[in-house]
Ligand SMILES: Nc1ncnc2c1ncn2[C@@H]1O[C@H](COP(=O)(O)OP(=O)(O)OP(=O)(O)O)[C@@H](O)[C@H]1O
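Consider the single chain below, provided in structure tokens and representing the form predicted alone.
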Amino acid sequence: MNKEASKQKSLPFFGIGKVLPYLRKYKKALVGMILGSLVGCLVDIGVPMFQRYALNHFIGEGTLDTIVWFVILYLTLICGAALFNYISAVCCMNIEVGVDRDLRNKAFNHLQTLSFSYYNQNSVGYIHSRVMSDTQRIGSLVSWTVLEFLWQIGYVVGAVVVMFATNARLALLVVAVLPLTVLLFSLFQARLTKANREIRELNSKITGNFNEGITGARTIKTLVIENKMEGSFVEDTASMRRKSVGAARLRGLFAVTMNFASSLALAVVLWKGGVIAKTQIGTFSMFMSYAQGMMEPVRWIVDAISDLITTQVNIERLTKLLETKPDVNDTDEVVALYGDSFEPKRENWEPIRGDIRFEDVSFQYPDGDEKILEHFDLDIPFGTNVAIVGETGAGKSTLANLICRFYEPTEGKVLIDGKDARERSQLWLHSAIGYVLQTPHLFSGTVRENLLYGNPKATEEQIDKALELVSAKEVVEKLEKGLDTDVGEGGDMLSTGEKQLISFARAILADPRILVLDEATASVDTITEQKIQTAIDTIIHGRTSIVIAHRLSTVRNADVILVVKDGKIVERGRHEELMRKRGVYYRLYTRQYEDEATYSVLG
């Protein structure tokens, strides 16, 4: 879980300034919301004045001469208020769902631009909470909370103005509670902010654990660790409960203190008001209505301030996400010429041949202390098949990550077709790369839809050819609806091997100039692996290929083999050369061969 949010300083004015830019496109809705709220507020302020007139005139003076106009005017105001309240509610709803949508789109699109390091350092639950929960609370804040706030503040201000215009002495008694409100707010704000920030962070952790419980359901069952997972989840929710109860007590103490102050002010009005307004029963009744009516706005404002403090944490966390800069960035000049991921200028893209060169490259991961590469040089001409081998965790994917520009070199350059990759856009490079992961991922939808991610314009013939090339056609034919079969969330309706074959076909369908296979055959059986290996030997011709392999038998024909150990390249050469050296590669190969031979005899 990300710890940075808990260390953030409070944003000025509750961070509202960070949200205002998202309200500009809803100016008309804001005007409608404000106008409707103010009209409704004026009607509510006017009701006690009608009450005052009725008591003083109809009862005090004993005449009904204006009763008809009184009723007509009163009903007109009530109907008008209902209409404007409806308008303000509709405008408010449009603002809420609109801002919610805009913030989620902004957050989701920004996540697409962030580097791998961000996802390594932040859990799925943490990110999910930013995009869904935080945006929802902010959308509610700038709509319904603002609407209610306008009404409540408008009512208090309007009531105070009317009271001072009617009887200044009595009005002073009613408004005496307001300075006390400000004082109490200042005393409680910091503690409430801290408590609510801790609660939101715990909520992120719980969301992450919940996500792991779902995505890791099979592993949990096979390891029989349901009790352990339950214990961890219960511990987190118990901590959430303790923090929430503590915050609720603090919030309750705040509200009770405010209510006590408000009730005390009302008691003073009852005590003194009877003497001041004994000759004007209607005026006294109006003041009592205002005094009682102001208690609810004051209580609401207290709650709104508390909610605002809570939402400040949501704004802080979403702002933290949106202000996070990716480790890999295109310069302004590159974006101006080639566009970005969302607005590419493909007409300016040069064709990619596929020559790759590492020129005096040093590299260490953003969160690492040790250099993985140091003054490393490597020339990979177009059409070369490079294999990267080593033990598990040796750092085999580092070179592939640099070639794909998922990370930038700490020093030196990675050249693509003789040009520094940083002089071209990331999308330009990524569009020419086919990447097949060890752990395959399919998107929700059908097999056909997943294949078309590789090439949206692919014909049926091209799809069939790609499936046949990687031995996936038989898999598709066995499915109930063939290419139109739904693969489920993450492709879970298919086996791991089937998902791998489909993802392999998807990469081939894109016809990439650079092909990266990250242990792409690790999830398939031996027979299927042999078929795919035959397909690999065919499709790598005419493209540059980077093969990260655990099974060394699959890289014997590579043009160059790079041996990685402890994050460093310790050997390089062809299979025969490395075997003659009798070094790390030789030991890896012979040990694996012995293990496979033993398995074939005993298995």
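Only a predicted model underlies this, so the values are computations on that prediction, with no experimental measurement involved. Numbers for residues come from their place in the sequence shown, where the first is 1. What we label the rigid core is the largest C-alpha set whose atoms superpose within 1.5 Å from one form to the other.
Another form, the form predicted in complex with the named molecule, is not on view; read the next lines as being about it.
- The candidate stretches are 412-420, 310-318, 483-491, 384-392, and the one lying within 4.5 Å of the named molecule in the predicted bound form by heavy atoms is 384-392.
- Contact annotation for Ser397: at least one heavy atom lies within 4.5 Å of the named molecule in the predicted bound form.
- In the predicted bound form, the named molecule sits within 4.5 Å of a heavy atom of Tyr365.
- Shown alone here, Gln438 lies within 4.5 Å of the named molecule in the predicted bound form, counting heavy atoms only.
- Put simply, Asp511 is far from the named molecule in the predicted bound form: not one heavy atom of it is within 4.5 Å.
- Here the marked residues Val19, Phe108 and Gln136 all miss the named molecule in the predicted bound form; none has a heavy atom within 4.5 angstroms.
- Of the residues given (Arg52, Arg543, His550, Lys568), His550 alone sits with a heavy atom within 4.5 Å of the named molecule in the predicted bound form.
- Among Asn120, Thr496, Ser239, Thr331, the residue placing a heavy atom within 4.5 Å of the named molecule in the predicted bound form is Asn120.
- Residues from 404-437 that approach the named molecule in the predicted bound form with a non-hydrogen atom within 4.5 Å are limited to Tyr407.
- Comparing the forms between the shown form and the other one on their rigid core, the Cα displacement of Asp566 reaches 2 Å or more.
- If you fit the rigid core between the shown form and the other one, you'll see the Cα of Glu468 move by less than 2 angstroms.
- Put the two forms on the same core and the Cα of Glu370 is off by 2 Å or more between the shown form and the other one.
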